[in-house]
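In what follows, one protein chain appears twice in different forms, each by itself as structure tokens: structure 1 and structure 2.
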Structure 1
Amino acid sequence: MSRDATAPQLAPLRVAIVDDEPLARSYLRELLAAHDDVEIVAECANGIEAVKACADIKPDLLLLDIQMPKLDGFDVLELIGHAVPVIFVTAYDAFAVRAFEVHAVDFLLKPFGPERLAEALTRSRSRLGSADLQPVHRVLAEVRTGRAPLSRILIRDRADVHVIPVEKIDYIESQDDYVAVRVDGRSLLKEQTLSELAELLDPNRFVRIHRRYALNLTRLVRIEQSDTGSRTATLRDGTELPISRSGYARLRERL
């Protein structure tokens, strides 16, 4: 097979295969076996397994199917947060544009042969050392702008993955570079700033009532004003959140 002449000196490329079809996985395994400089460190049948594998094993490269149950390839990319180089593998050429928008190393269209895979591997080798890898959530945010608002938020909690429909969220609190998403009395941390996330949410549902808080309007019970003039929002579960002056103006626009 096509083997790079310089390959022996390099550490093996640690690859994770992600595809929900067993045949597609075995095909990749077979083709990769011909590459001495590649080591398969994980084989995942769905996106959730892939996210776990990325957290535990930290592969050098993901061979990632796009259409999978629960989490698709783009969701996986968003969840693994730090940028693992990705080669997308799919039968749908319609995804090509989006794949390169999120800086995929390559895009393999099924069916593909060993030569095409070797080419993609070479390309990912050359990309490995380079520092042009941006945090994926930022890239995804750029891509998503102008698309329909998020209908769910994906959160990785170590190796656990939470898929949270936005209507279940009570409010979102900013914590420096993180946001705490409040759901069913629990707080889940996500590595993203509140400003970035707020832009992706439906403005008719979530209102930035304060620099630190975005509130799900359906949870709002009442607004109270204290003697000093500061306002407080009371939520259905009794939680009280401060409302800033500009936040109050935004709130009034929506109510």
Structure 2
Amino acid sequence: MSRDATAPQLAPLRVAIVDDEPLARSYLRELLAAHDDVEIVAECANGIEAVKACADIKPDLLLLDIQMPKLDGFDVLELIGHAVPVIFVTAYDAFAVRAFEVHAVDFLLKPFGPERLAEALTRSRSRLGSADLQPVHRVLAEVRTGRAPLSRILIRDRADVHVIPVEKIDYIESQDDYVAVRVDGRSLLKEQTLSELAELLDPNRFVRIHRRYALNLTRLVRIEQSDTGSRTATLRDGTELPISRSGYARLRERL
């Protein structure tokens, strides 16, 4: 049947494929070739390439593998936020399926066939631009519940990705919906609240000393009290941070 020339034509769905396995990328490329309304704008072999593609090319949709070295699919999701809708691709159905259902447009369980991919693409078109996805960090917090505390923090600066071991952090400062992570004499901004991030850190290392600050205990040199009763934490580099009453109580439990 010929296509109705008067029917409105949808813009091609600009898709980026992200998978560290060449055969998996080739399989997706082959399946997507059957869809005239899909344009592959990037193929990424790792998470860092995916973050860069999202910043530079701005695809409409990511087909994103979960199990990848260095940055896995959840790391990529954390770094891109809501910048690009995601269809997760995974061989591990027990690997945080709840998060797929809550946040992602869809998820494809390997091995999958052309019909299942077509269904996911249809669903993605209906949800492009939708505001019904949960905040990324809330979903990631759910995924990480019960897992070991964070050993690193990921921060995106445009197309650059900073991977910061938590032991290198001096302190973290709340800046509304962002946090400023102080490390090596500079501050790096991350789109996440201090409350959300503090829940994921080791409580034996980081203590919320104030509503605005979480301190790495290894950086603490001394606690001073003023004549008015207010307390201040002095760090190795001479930085002084205020300590609230509740923060001081938490400090005493750890010291």
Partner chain sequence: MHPVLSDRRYVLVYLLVWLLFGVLLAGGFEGTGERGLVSQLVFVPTTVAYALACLSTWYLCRVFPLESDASVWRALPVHALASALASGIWGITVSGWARLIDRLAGDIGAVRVQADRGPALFLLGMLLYSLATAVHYLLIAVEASRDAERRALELNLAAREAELRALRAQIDPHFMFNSLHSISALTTTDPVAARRMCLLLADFLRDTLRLGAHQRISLAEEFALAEQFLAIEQIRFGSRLRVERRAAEDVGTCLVPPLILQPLVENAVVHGVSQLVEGGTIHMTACRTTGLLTISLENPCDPERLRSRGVGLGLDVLRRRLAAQCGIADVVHVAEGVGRYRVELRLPVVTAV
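Residues are numbered by position in structure 1's sequence, first residue being 1. C-alpha atoms forming the largest set that superposes within 1.5 Å between two forms make up the rigid core. Note that the structure is predicted; figures quoted are calculated from it, not measured.
Q: Given these two structures of one chain, say which is the form predicted in complex with the partner chain.
A: Here the form predicted in complex with the partner chain corresponds to structure 1.
Q: Does the distance between the two CA positions of I48 reach 2 Å or more between structure 1 and structure 2, the core being superposed?
A: No; that C-alpha moves by less than 2 Å between structure 1 and structure 2.
Q: Using a rigid core alignment, state whether the CA of L154 is displaced by 2 Å or more between structure 1 and structure 2.
A: Comparing the forms between structure 1 and structure 2, which are aligned on their rigid core, L154 does not shift its C-alpha by 2 Å or more.
Q: Answer yes if the Cα of T122 shifts by 2 angstroms or more between structure 1 and structure 2 on a rigid-core superposition, and no otherwise.
A: Passes the 2 Å threshold, so yes.
Q: By how many angstrom is the Cα of K110 displaced between structure 1 and structure 2 when the rigid core is overlaid?
A: So the C-alpha of this residue moves 4.6 Å.
Q: Can you give me the Cα shift for M68 between structure 1 and structure 2? Core-superposed, in angstrom, one decimal please.
A: Its C-alpha moves by 2.4 Å once the cores are overlaid.
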